[in-house]
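Let's start with one chain on its own, the form predicted alone, as structure tokens.
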């Protein structure tokens, strides 16, 4: 195992152990999402949602829950001097980007494992669209992990971190949300899952993911130095 792989594994394991010990991100993300579903349920006065309405409620909630996690991705490094330690370590700086993005991807997946069944229980008559929805969730999570890690690294040392992250993330995530909601709306149609243009939207998600993973991987070293 080379030094970059050991550093990647160490950062991922350290962040997961810290989260399991402190529980300072995942419970807040889950609580926010479930509370939002309850508000939507009574605010819309609808017991069943389908199509674009269901997709909109699901993805708006997941996006804002993701912001809570993105705000905290680099807090351990900021509070405990981890950035200085990583700069001094003889490893590629982009390893930290990859490790943090993977951690964020796992956070998003863990939150969705809890809140998507809650969403289905609140709003869906049929759960037939949930298995193919996993591909949409995975594609959107990859994009949010890449862009979220990049933005969080820029905002972590700013006093306006809590404001800066949503201000940068929301506009940049518009293409991702359009693709995710469009693919999801067809899957959650009242008549059953419709796969028209489903593959096209997955390709859009994959293109978005590829662009931002490449941008993050190639620019993170300069952001870390600043």
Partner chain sequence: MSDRGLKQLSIATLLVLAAGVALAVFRAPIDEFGFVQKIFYIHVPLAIVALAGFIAAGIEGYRHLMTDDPRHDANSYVFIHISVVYGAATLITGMIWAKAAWGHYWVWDEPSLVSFLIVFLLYATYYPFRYAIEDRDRQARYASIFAITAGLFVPLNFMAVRMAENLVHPRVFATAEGGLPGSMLFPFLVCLAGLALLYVTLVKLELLGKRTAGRVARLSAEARAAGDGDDAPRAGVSTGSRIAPKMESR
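Numbering follows the first chain given and starts at 1. Just so it is clear, the model here is predicted, and its values are computed rather than measured.
This protein has a second form, the form predicted together with the partner chain, left out of what is shown; the following refers to that one.
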query: All of 126, 185 and 191 with a heavy atom within 4.5 Å of the partner chain in the predicted bound form; finding: no
query: Contact residue in the predicted bound form, from 48, 172, 44, 38 (heavy atom within 4.5 Å of the partner chain); finding: 172
query: Of 164, 34, 53, 26, the one that lies within 4.5 Å of the partner chain in the predicted bound form (heavy atoms); finding: 164
query: Residue 16 within 4.5 Å of the partner chain in the predicted bound form, heavy atoms; finding: no
query: Non-hydrogen atom contact residue 4 with the partner chain in the predicted bound form at 4.5 angstroms; finding: no
query: Heavy atom of residue 130 within 4.5 Å of the partner chain in the predicted bound form; finding: no
query: Residue contact check: residue 154 to the partner chain in the predicted bound form, 4.5 Å heavy atom; finding: yes
query: The partner chain in the predicted bound form - contacting residues of 200-218, heavy atom within 4.5 Å; finding: 200, 201, 204, 207, 208, 211, 212, 215
